[in-house]
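To begin, one chain is listed below as structure tokens, in the form predicted on its own.
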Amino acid sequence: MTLPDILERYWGYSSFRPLQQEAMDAVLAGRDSLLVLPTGGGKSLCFQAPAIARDGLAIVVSPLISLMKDQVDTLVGNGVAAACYNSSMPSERKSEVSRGVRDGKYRLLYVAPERLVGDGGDGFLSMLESKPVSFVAIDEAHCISQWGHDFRPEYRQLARLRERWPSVSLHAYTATATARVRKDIIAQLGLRDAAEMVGSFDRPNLVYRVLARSTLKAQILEVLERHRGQAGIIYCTSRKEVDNLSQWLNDTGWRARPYHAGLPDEQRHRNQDAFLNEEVDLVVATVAFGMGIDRSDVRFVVHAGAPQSLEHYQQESGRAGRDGLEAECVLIASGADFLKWRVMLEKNGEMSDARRGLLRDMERYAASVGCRHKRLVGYFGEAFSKDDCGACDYCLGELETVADAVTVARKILSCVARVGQRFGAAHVANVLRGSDSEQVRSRGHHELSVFGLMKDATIDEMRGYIDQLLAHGLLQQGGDEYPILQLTAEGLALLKDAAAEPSLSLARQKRPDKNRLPKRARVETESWEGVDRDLFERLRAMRLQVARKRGVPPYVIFHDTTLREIARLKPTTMDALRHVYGVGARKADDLGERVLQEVQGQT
């Protein structure tokens, strides 16, 4: 069976996505390879389809048990002979899988890296050699690099597989890798004459927004209101924040589950399963919740605090819109986030020039004025040719450039100087806005010449300006327990030299205008064009019912992309249904009659 036939039969796809055919050809040719495709780009298919086309057993190395289980459930649902072997399985199931391997029952076997290269792995490897191994696929391959954002030491030992199976090709797959990380992956795995393929890092279906952190709960609620009834993830930087925010959301009527490494294993798995199985649509989590999340219809990701690097941000925000449909990614950040990371990394002895540089890049993104898509892909070394992405706060006209940025900067720098460089951003903002508060008056700061100098600015605008000056290197944060603002040498020079007119840009959120309708992102309007929304919701309900009955996550049955396409095309025959994107012969035979009944309104 050819690759196009396999895609059509098992996945219902009629064409390849960018780089998929090249990646699959490398596997079929037995040539080592490295593929970088962003989340949602279809990288898993690049080793799953060739495993069906080739004889023998394909070994897939995966770092998380939940990730293995989800992919195997989906493959089996599509009619592909696949299994996983991990420590969470009962001994009877392990024996059953071992027999299946020896009998040549499977085309793909998912295992953890420890299973292949850890202590006691020899017996397992001998069992695998009872039948020919066709190739080895290493998923989440950035885990092998110390420059990657999820370094896993056990991944380093996977190079031993080359010694064990010298004639078997190795293939590395990841969604996020800079040039430095890619080079490290190739070296650490010992890939030979590897075909290196790097897809576009741009995710045009994601709408990026950045907000200066002020009233966090109100800012989060504003995002949630835009996505009622839709799935989303809120990332926090500490377990305490996760617990507090999750509890508050439940108290205010939003069904949310917490997820972090400090929870008991049983509760953590229960909360993750509740999200995957659509029992709840909202998870508040630390970054511990991530790599194993395969739910495709996440419509928004909120970061209630900046992550450590743009690699982290791209990976975590990329969990939205994996199905290719529109999704929103909101970063709510403040200068205090970056100080907190620096203090923590210094305390743990983890701060290095590389880590410091990663933090600075993240800080610059959070305070940048310009297209978010261009900034993100540029970080990964990719040129962005569009003048207007149509999918970020800047290109949608939600930000406006401050007319006299230098004057605004000097007012803020002057205030920092006049309060003695001993106070934080909130106090500086209150003085400049002329706040009649006890904290301002008790220190005599209401008598300063800068008091009320920016009384027309909102608190959100003030916080945004301060964060941008931090990112521009005109201010810095000091202090241990409480961050205080201090002038840098560059900031002092700007303050003293009134004749200097440096190239400085500052931006703020556009102020509300009841006569101006908000501009919609192109991806939002285009993805719903021609879709019967009532039929789409009926199909979602049907999918959930089938999934509950079978004990699998709903996305294993159909992705939202497929349901929207059915609700757009409204097929009335089995043959027409088979040709809908994402259906395929197996799904049509299995659920075709049920789907056609929904389309015809007979249920």
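Worth saying up front: this structure is predicted, and the values here are computed from it rather than measured. One rule holds for the numbers: they count along the sequence shown, beginning at 1. So that the term is clear: the rigid core is the largest set of C-alpha atoms that superpose within 1.5 Å between two forms.
Beyond what is shown, the protein has a form predicted together with a small molecule; the following relates to that form.
- This chain lacks the partner; the member of 571, 553, 63, 38 within 4.5 angstroms of the small molecule in the predicted complex by a non-hydrogen atom is 38.
- For the options 322, 257, 463, 142, the residue carrying a heavy atom within 4.5 angstroms of the small molecule in the predicted complex is 322.
- Put simply, residue 17 is close to the small molecule in the predicted complex: some heavy atom of it is within 4.5 Å.
- In the predicted complex, the small molecule sits beyond 4.5 Å of every heavy atom of residue 10.
- Taking non-hydrogen atoms only, residue 546 never approaches the small molecule to within 4.5 angstroms in the predicted complex.
- Mapping the unseen interface onto this chain, residue 45 counts among the residues with a heavy atom inside 4.5 Å of the small molecule in the predicted complex.
- Annotation: Cα of residue 389 displaced by less than 2 Å between the shown form and the other one, core superposition.
- Core-superposed comparison between the shown form and the other one: the Cα of residue 138 travels 2 Å or more.
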